[in-house]
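Single chain ahead, written as structure tokens, the form predicted on its own.
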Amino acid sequence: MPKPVVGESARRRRRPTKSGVVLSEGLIVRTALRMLREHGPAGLTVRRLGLALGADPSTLYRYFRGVDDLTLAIGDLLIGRAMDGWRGGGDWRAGLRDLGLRIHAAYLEHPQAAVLTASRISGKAHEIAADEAILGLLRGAGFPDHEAVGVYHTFIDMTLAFAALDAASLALPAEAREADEEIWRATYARLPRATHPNIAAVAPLLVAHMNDSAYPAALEMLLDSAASRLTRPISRPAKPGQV
């Protein structure tokens, strides 16, 4: 049976570790994030984390229910870093653009952690604050509730999907990543026009752009689509039984 997670006030009364460090939830999460960056997911174990902190591994269960709970806290930390310094007041479109780019960048700064956490729902403080802020921007801009939820859903899923996709590429060994990137030049740019006329026609553009993230362009497309919903007559979902 797992041990109960101890409240923050009780944790603060614990003695320092053998290395003189006073444990906290934040310290554990930051240390785990660093270990992911340096050693990848396989390197994040309770035993190794305990060694890095100079603490008995079992002590970590006073703060987290297990590695999965810690993983969710890492994802929430990335969202928190994206939110830090963000000001959502004013134009809804500028606010969403800025937040989306911040979230994408925060995840790409830690690609190993992004691969683990981008698809998860933590229900933790920073995630909830981000969701509240996004919905507030959209509802404040005049989107009806069902439209606000639709735009929010598309925005956050697309942002995290691109974060996971782009992070997965960055998490590859350098040799593999460089080989993938070279395929556009070594293979696609050399396809003959006789057999592949469309690829051949745009080959220089493929070489120039396909190794860059498409997220900024996709984000603008989403914002354009969302803005068009504000200028058209409001349509509400049909009630059950209505045609």
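The numbering used is simple: start at 1 and walk along the sequence shown. Predicted, not measured: the structure shown is a model, and the values here were computed from it.
The same protein also exists as the form predicted together with another copy of the chain; that form is not shown, yet it is the one meant from here on.
- Judged against another copy of the chain in the predicted bound form with a 4.5 angstroms heavy atom cut-off, the residues 127, 169 and 210 are in contact without exception.
- Interface membership of residue 118, defined by any non-hydrogen atom within 4.5 Å of another copy of the chain in the predicted bound form, is confirmed.
- At a distance threshold of 4.5 angstroms between non-hydrogen atoms, residue 162 is in contact with another copy of the chain in the predicted bound form.
- Within this chain, residue 83 is remote from the site of another copy of the chain in the predicted bound form, having no heavy atom within 4.5 Å.
- The closest non-hydrogen atom of residue 52 lies beyond 4.5 Å of another copy of the chain in the predicted bound form.
- With another copy of the chain left out of view, the stretch that reaches within 4.5 Å of it through heavy atoms in the predicted bound form is, among 22-30, 35-43, 182-190, 58-66, 182-190.
- In sequence order, 212, 213, 214, 216, 217, 218, 220, 221, 222, 225 are the residues of 212-228 having a heavy atom within 4.5 Å of another copy of the chain in the predicted bound form; the partner itself is omitted from this view.
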